[in-house]
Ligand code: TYD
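Let's start with one chain on its own, the form predicted alone, as structure tokens.
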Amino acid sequence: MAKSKSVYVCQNCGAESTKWIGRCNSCGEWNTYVEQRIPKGPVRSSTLERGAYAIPKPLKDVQSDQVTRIDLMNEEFNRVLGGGIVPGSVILIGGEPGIGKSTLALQVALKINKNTLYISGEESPQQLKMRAERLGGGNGACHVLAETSLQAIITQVQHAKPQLLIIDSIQTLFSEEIESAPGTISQVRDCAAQLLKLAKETHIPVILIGHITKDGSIAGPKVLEHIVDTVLQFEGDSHHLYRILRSMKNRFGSTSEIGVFEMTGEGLREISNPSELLINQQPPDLSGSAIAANVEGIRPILIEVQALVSTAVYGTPQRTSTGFDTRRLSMLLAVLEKRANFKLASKDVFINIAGGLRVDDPAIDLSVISAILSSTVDIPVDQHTCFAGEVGLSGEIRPVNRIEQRLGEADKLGMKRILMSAFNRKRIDPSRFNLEIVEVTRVQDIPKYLFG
């Protein structure tokens, strides 16, 4: 009988050690090493029958068939995937608990007119039935199975031959060939590899739902993201209505597309024009608010930036932001202090991106500064004015990309004026837009354009 040996594996990054250590030398996390037993004998890499080995052939002799994507009956989901799901592809969806991963997967299984097999390792068939009724009723083409054994799942797939396979979630599966608990590094890696082999051999597309760690990355080894064809991240605050489905990796499409959804009692609703919902939600006489012409991926979205500046009660002023990088906020406040001579060192400053969105586009710098100035002097900004510009450390307003798309979105939603960098002017044709374009070069000029 082949003996087995023990190895300690970091559950955060997958690093191995011959003995237990408190802090991982690779990723720096504490108390993440777990003992795993590895048999010395040969281990089969897959439960599928191997058959004959493939023979390499010249690339010019490979037949290039026209691939027909599967329509998921969800415009936003199709947009992120690049027009639908490719047969034989493996898609990994990650996100915080309660963000809507399982809801989106079940909605697809109910709407798509294909033979779908929904594998759940977290819910019973009765629970899935209750959720399906809440989402709009059952679909005769959708079959459900509560199972966590990978070997049993592969047997059912080979017998049922579904046109779409959904696994909820990859961390709950376990392979009987691996002597470790479900969710460990070796189990997640082996189960994902075998499901990938199953998808490529049978041309059945697979959707995997994955958990995330406390820092927001998908749980399991980083190799899991390299195994799959597409990695999608669900973003948003579970306490707000709006969700963003962002593509982090896509072998069959662009990674610049996003999908916007609204969480309702009947499931996730597609938002075809999110700008209309994210602005015009306030009375016109309130200060501390500015509209930013933001771009998420390649999609322009107008968002509302809110700011509150008040006298600090304690000795150290607070710098708090929701949906915006706090370190960038500190940099913008320093620029205002140094270049525009606004004394904010003794003020509490709070920034909020309305709708619970998280924004990384540097083009909203101009709207953040405008909202801060509006709150400081307590004068509202015109609701028909929007902003698009990056602020540099010298106080200059730098140009931003995709300026024509930002102008087009602002024009479509009824904006009358836009403040942007003067360096962007040469890239656009102003006659195409019904907008007053105000060119700004320095931070110290912004109060003149805002308040006269």
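A residue's number is simply how far along the shown sequence it sits, counting from 1. Values in this document were obtained by computation on a predicted structure and should not be read as measured data.
Form predicted together with this ligand: not shown, discussed below.
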Inset, instruction - Answer yes if any heavy atom of R79 is within 4.5 Å of a heavy atom of this ligand in the predicted complex; otherwise answer no. - result: no
Inset, instruction - Please run the contact check for G98 against this ligand in the predicted complex: heavy atoms, 4.5 angstroms, yes or no? - result: yes
Inset, instruction - Answer with yes or no whether I212 is in contact with this ligand in the predicted complex, where contact means some heavy atom within 4.5 Å. - result: no
Inset, instruction - Check whether G267 has any heavy atom within 4.5 Å of a heavy atom of this ligand in the predicted complex, and answer yes or no. - result: yes
Inset, instruction - Tell me the stretch among 308-316, 173-181, 100-108, 357-365 that has any heavy atom within 4.5 angstroms of this ligand in the predicted complex. - result: 100-108
Legend entry - Answer option from K114, H240, K197, R131, heavy atom within 4.5 Å of this ligand in the predicted complex: R131
Inset, instruction - Go through M263, I154, I379, A193 and name the one with a heavy atom inside 4.5 Å of this ligand in the predicted complex. - result: M263
